[in-house]
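Here we start with a single chain on its own, the form predicted on its own, put down as structure tokens.
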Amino acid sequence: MTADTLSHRHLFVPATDPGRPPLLLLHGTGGDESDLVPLGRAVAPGAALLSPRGAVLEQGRPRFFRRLAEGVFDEADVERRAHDLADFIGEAQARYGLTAPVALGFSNGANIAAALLWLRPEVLAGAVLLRPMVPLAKPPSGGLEGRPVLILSGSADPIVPAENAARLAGRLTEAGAALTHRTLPASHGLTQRDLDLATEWLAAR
């Protein structure tokens, strides 16, 4: 089911296993609301899936916030779009009767998920961040006491420097997140090991 009646164009897939928390699927640059649905179904069978499309266009490609160059983010826009997305999550919870979702984000989607964790931690029950970077140079402190977060990085990722991924993990830990960070022998793209680890982590929640 695709809908335009909330603040973000999105796709919603109802749960067939109500015991699983819903997933908030956040695509990478150039993706759309359908991109991560197969991944969501694979890693959390039966979970409700809420998949918004990024509201920013970069040369016609949807994103969740503006960037000034590769790896250089417009942080004012990051903050604005994170709050907009958090408001959308609240709208969708009311519309579809959802509890707080676990974010499953890839690349740009993982970055906006990290920004949500810092800026609006109440809207997420946790997060799986696939190939994320630090989205905010000076994020708020605290607010994530015990919130479960999984980061999966690639050791040969040409987009995300290892230092940047480690800094993100450190700052989320400082904010109180119950964080697991794994670096896989992979590039920026996802591998079967990413799927396996995400599946195991979500099942343990």
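Everything numeric here is computed off the predicted structure, so don't read it as measured data. The first residue of the shown sequence is 1; numbering continues from there.
Another form, the form predicted in complex with a small molecule, is not on view; read the next lines as being about it.
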Exercise. Residue 73 near the small molecule in the predicted bound form, any heavy atom under 4.5 Å?
Worked result: yes
Problem set entry | Close approach of residue 133 to the small molecule in the predicted bound form, 4.5 Å, heavy atom | yes
Exercise. Can you check whether residue 147 is within 4.5 Å of the small molecule in the predicted bound form, heavy atom basis?
Worked result: no
Problem set entry | Contact of residue 159 with the small molecule in the predicted bound form (heavy atom, 4.5 Å) | yes
For this session: Choose from 105-113, 119-127, 92-100, 79-87 the stretch whose residues reach within 4.5 Å of the small molecule in the predicted bound form, heavy atoms counted.
Result: 105-113
Problem set entry | Triplet 9, 34 and 53 all within 4.5 Å of the small molecule in the predicted bound form via a heavy atom | no
